[in-house]
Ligand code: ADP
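Take a look at this single chain in structure tokens; it is the form predicted alone.
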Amino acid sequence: MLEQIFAPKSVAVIGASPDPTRLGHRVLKNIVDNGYSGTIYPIHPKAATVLDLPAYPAVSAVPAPPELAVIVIPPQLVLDVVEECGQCGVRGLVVITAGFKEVGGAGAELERALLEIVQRYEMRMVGPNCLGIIDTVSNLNASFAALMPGDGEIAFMSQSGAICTAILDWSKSEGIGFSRFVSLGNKADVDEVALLKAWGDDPQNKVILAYLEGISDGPGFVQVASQVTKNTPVIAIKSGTTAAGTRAISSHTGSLAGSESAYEAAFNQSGIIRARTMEQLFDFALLFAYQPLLPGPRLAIVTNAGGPGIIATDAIERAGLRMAEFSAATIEYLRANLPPTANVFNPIDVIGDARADRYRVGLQAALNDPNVDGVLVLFTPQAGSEPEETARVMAELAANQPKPVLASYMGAWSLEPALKLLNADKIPNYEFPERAVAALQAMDQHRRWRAAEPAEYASFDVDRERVRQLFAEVRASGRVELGEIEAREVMEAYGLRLPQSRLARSPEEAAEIASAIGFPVVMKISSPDILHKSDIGGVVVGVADAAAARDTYELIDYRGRKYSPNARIWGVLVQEMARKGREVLVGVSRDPQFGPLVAFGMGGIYVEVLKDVSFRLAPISRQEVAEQVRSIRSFPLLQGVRGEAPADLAAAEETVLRVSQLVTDFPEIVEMDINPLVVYNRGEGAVVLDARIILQG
């Protein structure tokens, strides 16, 4: 729970200064002025008192060991002080001091030495190079932020101190409170994973927010987040994903993947709700913090204007939510209590001259209807409107409701008193209906995640030893890329279906092999140095007879040597010509943070043009692969169009699961493509036509 940091019984501020311009003075003043009830020990080498508190020259001079030490001193002094803290029994540290890993070189070495001391004494540390921490439950503001937030049920962590200060300032003006507020800094010890563990079961936190710039322990993050999000919603915004994905990769999958794909998959598979903007981060947070969880996707709208009602209806349908269908009793009640010109179906239009009493009728009817899971109230200021009285009605009817109620008061100047009432009564308000619906969509995403069955993972009977020996032979030959024949061996060892195929080393041998397999055949150049065979004319399909096989061998060999004079050419692969089916791609690239990232999408020569690919992190569960296959834009083509039979989705999914098992078993695989995987009609299976595997160098 990290109580030694967030709820310590005593705090020492090392670097506390009597000079009001010094950072240490501001940190101490924040602790003193914001109601912290524990014992406070200013540490200063010369001062007798600081802020009227007795000061001590060192931690070792304090009467009793403080649980938490907040360090605000030059970086060259930090190691000795932290060593002293450890010897004295300090349990927690907040190192605000900068000048560590973020400056590189000697700073990075200093941070490694700092972490070694922290771990040796089994302390926990936030920082270094951070704004500090704030806990409104214990009234501890151990930071140099200018403001103390109000209390609330939102826990917030950020890897940017500047983002923290901006949000604190904004939250004060909006009247939004927090339970905990942490600047992670360099996260040498306490990181986002540690905070998720500490905050996940804490009843003070209804929702956890995270501003992330990078995740150091990707698999650990996914594992912990998957557990936490089953109880507490986690909303994250991730910056810096586009530039991070630009690295030189040769495979189709690698060129399509990147940091953005990995984070998207990680959030998807761990139940984290991703906010695309800072505005969304807090739009979503307010609904989770203020209202009960949406029990289902059926929504009702109460409005005093037709246009906004239509906008909200469109947004609901686009978001994959549903407009509730009212019961007959609800419709009759509305007809009896609203003007004849009102709309008694969904959305409920109480007409522009509606006062608070008419809103009461509409909202009460919607909340009482068993077919309604949540209500969005739209309000536009018109002559005769009662914005404050309507806000009070909403608060009264929403109290102790199992269904969320939220508002979209469209306006500003004349609505300010009403907006303050809504916030005070924990009714989230959104300037425009689309933002309200986006928040409801996020809540529905969390509802579905919590309701999902436990993940089920497949385990296939495979020949790991065969693959292990093969990889050793490839490395012994000084290579990292497997040739097609070697890649076929790996596919076979993991139970994937392949067409008949043999390597020819001469035109005559090609004719003999083709005759044995049966015409027509496919012929491909076999070389570990030619990455994309089609690009150089190294693949010929429909070779019809022995003479054509001889000629094709010579043509392919000529093209290979012409376009890649230095390439090692092993011969030409003669392959059974598979009948037509839907061509898909299954591939892998290894993300530096999260590990193997498995791709599925439409394959063949158009994969990099269409870029219709979905990613998941391995290992992949049966539920996740089903979602992955169905999430590509062209999935309807696999379902069958214009009378075409549906594709064998089970075979496609099993291929992905076998590949997931392969790359989990062998982390040395850094890139892999099966392209194309030909998927036949339902019940007929799938066949691997071409495969590439690259090992770690």
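Just so it is clear, the structure is predicted and the values come from calculations on it, not from any experiment. A residue's number is simply how far along the shown sequence it sits, counting from 1.
Another form exists, predicted together with adenosine-5'-diphosphate; not displayed. Remarks below refer to it.
Quiz item: Can you check whether residue 689 is within 4.5 Å of adenosine-5'-diphosphate in the model of the complex, heavy atom basis?
Solution: Heavy-atom contact with adenosine-5'-diphosphate at 4.5 Å: present for residue 689.
Quiz item: Is there a heavy atom of residue 499 lying 4.5 Å or less from a heavy atom of adenosine-5'-diphosphate in the model of the complex?
Solution: Residue 499: yes, in contact with adenosine-5'-diphosphate in the model of the complex.
Practice problem: Mark residue 576 yes when one of its heavy atoms lies within 4.5 Å of a heavy atom of adenosine-5'-diphosphate in the model of the complex, and no otherwise. | Solution: Contact check for residue 576: yes, within 4.5 Å of adenosine-5'-diphosphate in the model of the complex.
Quiz item: Can residue 612 be called a contact residue for adenosine-5'-diphosphate in the model of the complex at 4.5 Å between heavy atoms?
Solution: Contact check for residue 612: no, nothing within 4.5 Å of adenosine-5'-diphosphate in the model of the complex.
Practice problem: State the residue from 444, 434, 583, 486 whose non-hydrogen atoms include one within 4.5 Å of adenosine-5'-diphosphate in the model of the complex. | Solution: Spelling it out, the residue with a heavy atom inside the cut-off is 583.
Quiz item: Since exactly one of 479, 206, 533, 550 fits, which has a heavy atom within 4.5 Å of adenosine-5'-diphosphate in the model of the complex?
Solution: The residue in contact is 533.
Quiz item: Heavy atoms within 4.5 Å of adenosine-5'-diphosphate in the model of the complex: which of the stretches 278-286, 488-496, 508-516, 534-542 has them?
Solution: Residues of 534-542 come within 4.5 Å of the partner.
Exercise. Select from 517-531 the residues with a non-hydrogen atom within 4.5 Å of adenosine-5'-diphosphate in the model of the complex and write them out in sequence order.
Key: Going through 517-531 in order - heavy atoms within 4.5 Å of adenosine-5'-diphosphate in the model of the complex - the hits are 522, 524, 531.
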